[in-house]
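For reference, the chain that follows is the form predicted alone, supplied as structure tokens.
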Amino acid sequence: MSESKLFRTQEIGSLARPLWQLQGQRHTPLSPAARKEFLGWNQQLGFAPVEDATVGHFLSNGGTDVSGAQVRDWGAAFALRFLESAGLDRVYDGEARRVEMYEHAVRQMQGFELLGHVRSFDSKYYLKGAITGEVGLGHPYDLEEFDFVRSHARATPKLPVTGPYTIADWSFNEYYLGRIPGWKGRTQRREAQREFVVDVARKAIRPTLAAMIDHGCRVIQIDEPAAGTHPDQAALVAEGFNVATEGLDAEFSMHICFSDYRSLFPALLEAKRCRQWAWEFANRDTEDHDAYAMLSLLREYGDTREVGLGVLDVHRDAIESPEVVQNRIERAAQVLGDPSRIWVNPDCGLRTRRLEVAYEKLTNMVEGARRARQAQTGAG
């Protein structure tokens, strides 16, 4: 697919794991529903070779007869074909191998102690950690994951990485705060937080990004969902981004979901190597409120970066029509004044939606982008 066409489309987060993958990774036999799901999607997408004896063993005995690594490979291939079949220009593997965006990253680093489960907004659980020693990294992480994606993807791979600010904000800061003597007031806590963010960025994330780039990764999304919860720390979000990407040659974006972006400006503008803001809009776009009018913020500050435009509400099963998607794109283009800056994506990851719902949303998104492109250029 062309990387130069107008209103290109991209993934922006995780997908729900299929039932067959969950059961396979737990080393249990497949339920009838999981077997039916595997066969149905495989017939549509062709993510696993049906002539392979391993597939037959899996369908007969599930994870009791097939390794967890093989099941995860099928899960990653499924997500790639799912997104490519929907028509996206940039794809990843739906984070099929990752436990959760925070826990997965922290498990790769040194200095953390995982303490107990907390619940995320969509009632899924992950282990929260405390930093009890200096941040370290035994070796860069997710290289095998990316190598699999690169070797199997037909569209352009786009790597998502949890950002340093979010990792620090979602952790208990015992080590860096404990190194500060005396009273731990607001100033001291901010000093400890900054040291924590910078160390995560410099000692863990940057080496990982550098290794990914050496493996051929050209498009990297830094996820900072915690940024919007502490707008007064937007300068630290930008600093962590800069430290993590310093001297690296790739196309970087920053994904911040569900935020009042005005509260992050102008401090966030200091994210020097950020080429694209990937933001949410659709969940608050109503007949009475034009969510895309907020893009005038960029014009106010003279910011000319690309925008990853959220046009799908990931919290509702209601399927946005191509007409709705086209309308949202055209409104955003009018506000920005330059349609070439727009990439089209869901507000966030679609992991909370059933796969059938996510697929229909994505195919309508691609069609809406095609219609908007045709209206602008006369070419679909």
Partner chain sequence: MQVDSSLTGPFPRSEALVRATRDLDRGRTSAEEVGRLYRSTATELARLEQTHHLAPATGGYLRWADLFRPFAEGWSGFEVGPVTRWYETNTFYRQPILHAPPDRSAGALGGWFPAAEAGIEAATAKAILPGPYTFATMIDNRSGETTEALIHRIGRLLAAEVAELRTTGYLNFQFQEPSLVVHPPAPTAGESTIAAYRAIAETLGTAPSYVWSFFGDAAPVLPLLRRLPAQGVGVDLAETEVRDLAGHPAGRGLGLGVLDPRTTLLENPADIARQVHAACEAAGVDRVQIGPGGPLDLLPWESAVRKLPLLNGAQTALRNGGGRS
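Predicted model only: the values in this text are computed from it and were never measured. Residue numbers count along the first chain shown, from 1.
The same protein has a further form, the form predicted in complex with the partner chain, not shown here; the description that follows concerns it.
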{"item": "Contact check for A130, P225 and S259 against the partner chain in the model of the complex, heavy atom at 4.5 Å", "value": "yes"}
{"item": "In the model of the complex, the residue from P231, G136, P266, G87 that sits within 4.5 Å of the partner chain by heavy atoms", "value": "P231"}
{"item": "Listed residue (H57, H27, K36, R316) with a non-hydrogen atom within 4.5 angstroms of the partner chain in the model of the complex", "value": "R316"}
{"item": "Region of this chain that lies against the partner chain in the model of the complex, out of 294-302, 269-277, 178-186, 209-217 [heavy atom, 4.5 Å]", "value": "178-186"}
{"item": "Contact label in the model of the complex: Y126 to the partner chain, heavy atom within 4.5 Å", "value": "yes"}
{"item": "S120 within 4.5 Å of the partner chain in the model of the complex, heavy atoms", "value": "yes"}
{"item": "Close approach of E246 to the partner chain in the model of the complex, 4.5 Å, heavy atom", "value": "no"}
{"item": "Partner contact for F281 in the model of the complex: the partner chain, 4.5 angstroms, heavy atom", "value": "no"}
